[in-house]
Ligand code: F6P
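First, one chain by itself: the form predicted alone, in structure tokens.
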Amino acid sequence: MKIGILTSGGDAPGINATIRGIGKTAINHYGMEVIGIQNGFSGLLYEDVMQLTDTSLSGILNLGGTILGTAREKMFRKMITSPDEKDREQIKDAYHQLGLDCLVCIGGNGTQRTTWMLHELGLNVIGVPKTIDNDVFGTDITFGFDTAVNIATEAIDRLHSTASSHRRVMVIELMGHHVGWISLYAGMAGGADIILLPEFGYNMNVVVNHIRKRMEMGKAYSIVVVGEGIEVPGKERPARYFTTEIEKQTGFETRETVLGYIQRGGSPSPCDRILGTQLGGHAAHLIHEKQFGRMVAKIGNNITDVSLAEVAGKLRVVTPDTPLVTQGKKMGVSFGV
């Protein structure tokens, strides 16, 4: 069998570990031929490919980014949904021109939806979930999330020392798009006092009163973690908005930090390397078994798979009954509502 691997959407630590897991398993265990498709779905159309061998896949386990390059798939998805049959035929022709028996698509929510659309076109595909945001439906965790949480937690740890020294309120904005998994996990791991998530919204009176109460209790500083996707008035970044409002309403000196792309760069954590390796190996197994139209997943402690039809268009979000939220509330952490 001949398989192609592509990466789409934003980069995340662990992509190369996953490419390696798919490729080495496919080559060494199943005797498959493997090619890498460069620069996302556009590379499929333009036959921008590279041969992947056991040798070329060596030495990439600990590398951040992706050796295949990545790109957003919006234009490609428009071709799939185009009323012009010629667009869809172009996609199918490109797939068959490369002689593929299966295409493995590594990416987040948008990528998994596009992969499902390819399956609906009649192509053999396997999806592999990838995002630091941990918001792909159908899996408990995505590779890249653990690394991002480690980096964000270290940043919060460092803010504690400067906040306590200067008796300040420190507001730190973390990535996550429309979900708050990174903010929740890093906030709890870093001992944040207030954690504001896009899923929950906020009441500014609750935020301000919690900070005042801490000061009245003799606690000289507060750490506020804010998910980047939380809605605030105007066009300000959430960190700037909350910093301005907290200082204005409390009179306490308040500073902001926006961690940004640092969270998704650099070498993957050991957990993300292992998860990528396991998911990649299971993807190769599904191809060997000719079980297409599936997305590999980790559910509980098991590496398994789910139908792409169950995943497409859905988002995995933090809910009020998420165990870590419940535990945080019991400990006096405010979620701003």
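Residue numbers here begin at 1 and follow the sequence given. Nothing here was measured: the structure is a model prediction, and the numbers come from that model.
If you look for the form predicted in complex with the ligand, you will not find it shown, but the lines that follow are about it.
Peer 1: Might H119 be said to contact the ligand in the predicted bound form, defining contact as any heavy atom within 4.5 Å?
Peer 2: Contact check for H119: no, nothing within 4.5 Å of the ligand in the predicted bound form.
Peer 1: Find out whether any non-hydrogen atom of G176 is located within 4.5 angstroms of the ligand in the predicted bound form, and reply yes or no.
Peer 2: Yes, contact at 4.5 Å.
Peer 1: Is I132 part of the interface with the ligand in the predicted bound form - any heavy atom within 4.5 Å?
Peer 2: Residue-level check for I132: yes, a contact with the ligand.
Peer 1: Can you tell me if E228 lies within 4.5 angstroms of the ligand in the predicted bound form, counting non-hydrogen atoms only?
Peer 2: E228: yes, in contact with the ligand in the predicted bound form.
Peer 1: Hey, of 109-117, 260-268, 156-164, 216-224, which bit sits against the ligand in the predicted bound form at 4.5 Å between non-hydrogen atoms?
Peer 2: Stretch 260-268 is the one.
Peer 1: Tell me, which of K92, R240, R212, R72 has a heavy atom within 4.5 angstroms of the ligand in the predicted bound form?
Peer 2: When the ligand is considered in the predicted bound form, the option within 4.5 Å is R72.
Peer 1: Considering only 198-215, what residues come within 4.5 Å of the ligand in the predicted bound form, judged by heavy atoms?
Peer 2: Nothing in this stretch is in contact.
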